[in-house]
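Coming up is one lone chain in structure tokens, specifically the form predicted alone.
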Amino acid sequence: MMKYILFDIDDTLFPSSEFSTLARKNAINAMIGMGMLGDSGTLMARLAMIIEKKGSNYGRHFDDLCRQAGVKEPARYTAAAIAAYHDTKTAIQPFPKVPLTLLRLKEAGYRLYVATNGNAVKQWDKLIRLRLALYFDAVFVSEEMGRSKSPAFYRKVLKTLGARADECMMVGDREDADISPAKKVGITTVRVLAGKHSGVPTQADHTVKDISGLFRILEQL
């Protein structure tokens, strides 16, 4: 019997890809507004390369961008970028059907959790800003778990919950982090076909366009 449902955050609970693009665009425009030389397209491309190389959790993307652009006194531009990026966060919203779906799942007696890669503070910040944090009984973040999403990550989650794999479901948008490793330990997997990874082929047990489709799956199970 299914008892525990694990959710990824990005492009599962909210449109992370859209938000990231907008936030970075606003940050670049703020840097230009402070007098930084260069056009937004070129600077966006450079920033994208830095993020790809250093990872999204690296904390000095804008400093590196200034360094690449030959800026000698980068503080004002970095500050402008960070302020604009965080201002954009105030507008983030979950996918439209997410809050009601989570509420109905809890009312039905399911235990809800988050399982996500990333920095713990940043991931909690998203959940709080999205006003979703209180729906979840616990949040499992790779930084605190000591490993990225992998079979070992999911085995540790199961051990922490005191749950069997066949009692758990993992819901996420990424094949490499949410679906494949969870499936290897016997967890039922549901792929959300949203965001920049939506075109990647899947071996998930089920697929949905948004998490409201979970009710159909749970009824079948």
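Rigid core (definition): largest C-alpha set, two forms, superposition within 1.5 Å. These figures come from a predicted structure and were not determined experimentally. Numbers follow the displayed sequence, beginning with 1.
In what follows, reference is made to the form predicted together with another copy of the chain, a form of this protein that is not presented.
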message: By the heavy atom within 4.5 Å rule, which residue out of 112, 130, 120, 71 makes contact with another copy of the chain in the predicted complex?
response: 120
Answer option from 59, 33, 41, 162, heavy atom within 4.5 Å of another copy of the chain in the predicted complex: 33
query: Quick one: does residue 103 come within 4.5 Å of another copy of the chain in the predicted complex, counting heavy atoms only?
result: no
query: Can residue 145 be called a contact residue for another copy of the chain in the predicted complex at 4.5 Å between heavy atoms?
result: no
- request: Determine whether any heavy atom of residue 87 comes within 4.5 Å of a heavy atom of another copy of the chain in the predicted complex, and answer yes or no.
  value: yes
Residue 98 within 4.5 Å of another copy of the chain in the predicted complex, heavy atoms: no
field: Residues 1, 9 and 92 all lining another copy of the chain in the predicted complex, heavy atom within 4.5 Å
entry: no
message: Please state whether residue 66 has a C-alpha shift of 2 Å or more between this form and the one not shown, with the rigid core used for the fit.
response: yes
message: Could you check, with the core superposed, whether the Cα atom of residue 194 shifts 2 Å or more between this form and the one not shown?
response: no
message: Rigid core aligned, does the Cα position of residue 36 differ by 2 Å or more between this form and the one not shown?
response: yes
